[in-house]
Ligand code: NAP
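A single chain comes next, written as structure tokens; it is the form predicted on its own.
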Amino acid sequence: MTDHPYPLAGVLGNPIAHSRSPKLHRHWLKTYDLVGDYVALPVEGDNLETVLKTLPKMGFVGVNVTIPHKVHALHIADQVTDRATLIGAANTLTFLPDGKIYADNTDGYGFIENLRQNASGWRANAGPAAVFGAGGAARAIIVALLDAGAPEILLSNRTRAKAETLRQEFGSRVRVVEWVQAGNMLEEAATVVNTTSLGMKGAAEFRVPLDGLRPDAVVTDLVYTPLRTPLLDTASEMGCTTVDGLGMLLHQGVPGFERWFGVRPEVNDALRKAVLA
């Protein structure tokens, strides 16, 4: 917790105007009657290190980092948590009193807490998890699922080489499936996760055949615009428990807010409404 008279935090990205993080953190600041503010900061990649070294001098106590800076931020940091190292990216930076930058990755934490809160009785060890996509978000999800006890990750990506890279990094509990066969993963999967932008407003459709979905599966989509993606709608019609992606955003913000402002905030319906407003 900072003793700064007016602590500032924010989110760095490019583009960043669409970010809901300012609504999220400002809701908590208001709810807990705390002094400070949280702002969106558009930052070009070439300027990232200069900006990160300058922000503490301007009263910033920490920042969230989003696309495309998560990997670069990890390399700029002075201290890095084990999970951020394992994931290979940072999304939460804290500026320490001595000026050093402490990097963490709370995406996997947010993902797991979202499932625990919104899919009653969900257990990672209930069976294999099917993961679509092999980008930065997928890395955090795979680490979190393996850590939570998933016996196996069935991984499929449009570019197979990227999926193979993750298999090499995370070991034999990750099995790569060709994209054209991706629908076949669903017959085994107790947990199904879309980490791609497919199905997002303005992006291509999620075209993987879903007829193999088990009705006892928990299906979640990291996309939250729209809140109910075609994947979640179809899964719901087939009897699956579905969890939207907004909760992951809300929960991943908790550890950073607690570090910066000294209060552990709650994720509840009032917060969801404020962020969606």
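Residue numbers run from 1 along the displayed sequence. Just so it is clear, the model here is predicted, and its values are computed rather than measured.
The next section is about a form of this same protein that is not shown, the form predicted in complex with the named molecule.
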property: Non-hydrogen atom within 4.5 angstroms of the named molecule in the predicted complex for each of 136, 204 and 248; result: yes
property: Answer range among 93-101, 77-85, 117-125, 150-158 for contact with the named molecule, defined in the predicted complex as heavy atoms within 4.5 Å; result: 150-158
property: is_contact(residue 173, the named molecule) in the predicted complex, heavy atom dist at most 4.5 Å; result: no
property: Touches the named molecule in the predicted complex: residue 197 (any heavy atom, 4.5 Å); result: yes
property: Close approach of residue 63 to the named molecule in the predicted complex, 4.5 Å, heavy atom; result: no
property: Non-hydrogen atom contact residue 109 with the named molecule in the predicted complex at 4.5 angstroms; result: no
property: Heavy atom within 4.5 Å of the named molecule in the predicted complex - the one residue of 213, 218, 55, 223 that qualifies; result: 223
